[in-house]
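The chain below stands alone and is given in structure tokens; this is the form predicted on its own.
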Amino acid sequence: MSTTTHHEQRLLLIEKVLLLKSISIFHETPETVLAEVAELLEEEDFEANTNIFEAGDEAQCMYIIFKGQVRIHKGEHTFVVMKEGECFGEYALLDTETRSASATTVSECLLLKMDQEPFYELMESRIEVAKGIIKTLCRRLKAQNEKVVQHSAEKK
């Protein structure tokens, strides 16, 4: 599905560490640990309008946007357009269920992919990473609840 190509100039470790540090999941994680995480990330290039994954696909990884934009959607309904420095698919790091939405590139993208197994190992050894993902998921759940409440109020 992806149009993964070998990136001519691979990202420097420090670039990956700085990107990770800016993401809420890893905000409280020491740079030394982030350097280990950065080495686990796979770089993937995607052309514009490329499906990264579809709703219903098996979920085993999350993505971090280094460059570009990604639309999270179900059919034609767009939930959000994610930008550089944001991550998506993080539910897959905790849950092996199928994807609840699709992800499609809006523009040419360079994504960093983290697989579930290395993330589990990281959470076991670093509690701050586990706390980070819990906080991120709680924020997204609260935002979703607020949208549902707002939508219900608008219908009345």
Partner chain sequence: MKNRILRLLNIRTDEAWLVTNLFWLQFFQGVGVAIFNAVVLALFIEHFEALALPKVYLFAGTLLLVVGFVYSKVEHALPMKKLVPLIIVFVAGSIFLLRALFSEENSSSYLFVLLSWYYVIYLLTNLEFWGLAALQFDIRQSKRLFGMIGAGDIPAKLFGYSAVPLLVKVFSSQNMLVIAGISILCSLIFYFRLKRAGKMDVHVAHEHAHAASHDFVTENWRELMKGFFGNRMIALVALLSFIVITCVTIISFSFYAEIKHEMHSDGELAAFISMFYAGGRIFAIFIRLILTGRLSNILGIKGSLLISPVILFVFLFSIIVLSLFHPDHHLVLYVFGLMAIITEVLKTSLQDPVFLSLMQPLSANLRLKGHTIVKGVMDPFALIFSGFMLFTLLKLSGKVDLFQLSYMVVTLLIVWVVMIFLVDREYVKTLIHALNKRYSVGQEIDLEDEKTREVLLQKISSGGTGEAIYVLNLIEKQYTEEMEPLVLKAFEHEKVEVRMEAIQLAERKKIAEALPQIEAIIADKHNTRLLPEAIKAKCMLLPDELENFDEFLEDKDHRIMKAAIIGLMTSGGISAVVVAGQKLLHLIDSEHWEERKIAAEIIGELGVHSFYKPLIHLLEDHNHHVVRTAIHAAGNVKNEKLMVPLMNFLLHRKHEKPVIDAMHRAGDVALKEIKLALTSDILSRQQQSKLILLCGRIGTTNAAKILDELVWKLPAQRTDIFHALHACEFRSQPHHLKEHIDLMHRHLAAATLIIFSIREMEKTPSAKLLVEALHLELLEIRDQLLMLFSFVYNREKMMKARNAFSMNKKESIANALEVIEIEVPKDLSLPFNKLFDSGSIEEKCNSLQLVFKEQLNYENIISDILNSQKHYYHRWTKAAALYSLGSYKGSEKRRWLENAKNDKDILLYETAGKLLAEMN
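Residue numbers count along the first chain shown, from 1. Just so it is clear, the model here is predicted, and its values are computed rather than measured. Between two forms, the rigid core is defined as the largest C-alpha subset superposing within 1.5 Å.
If you look for the form predicted in complex with its partner chain, you will not find it shown, but the lines that follow are about it.
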{"query": "Triple contact flag Leu12, Thr32 and Glu36 to its partner chain in the model of the complex, non-hydrogen atom at 4.5 angstroms", "finding": "yes"}
{"query": "Region of this chain that lies against its partner chain in the model of the complex, out of 59 to 67, 108 to 116, 36 to 44, 91 to 99 [heavy atom, 4.5 Å]", "finding": "36 to 44"}
{"query": "4.5 angstroms heavy atom contact with its partner chain in the model of the complex for Ile133", "finding": "no"}
{"query": "Partner proximity in the model of the complex: Leu18 to its partner chain, non-hydrogen atom cutoff 4.5 Å", "finding": "yes"}
{"query": "Heavy atom of Arg126 within 4.5 Å of its partner chain in the model of the complex", "finding": "yes"}
{"query": "Shift of Leu122 between this form and the one not shown at or above 2 Å (CA, core fit)", "finding": "yes"}
{"query": "Outcome for the Cα pair Lys135, Pro30 in the model of the complex, compared with this form (closer or farther; change of 3 Å or more)", "finding": "closer"}
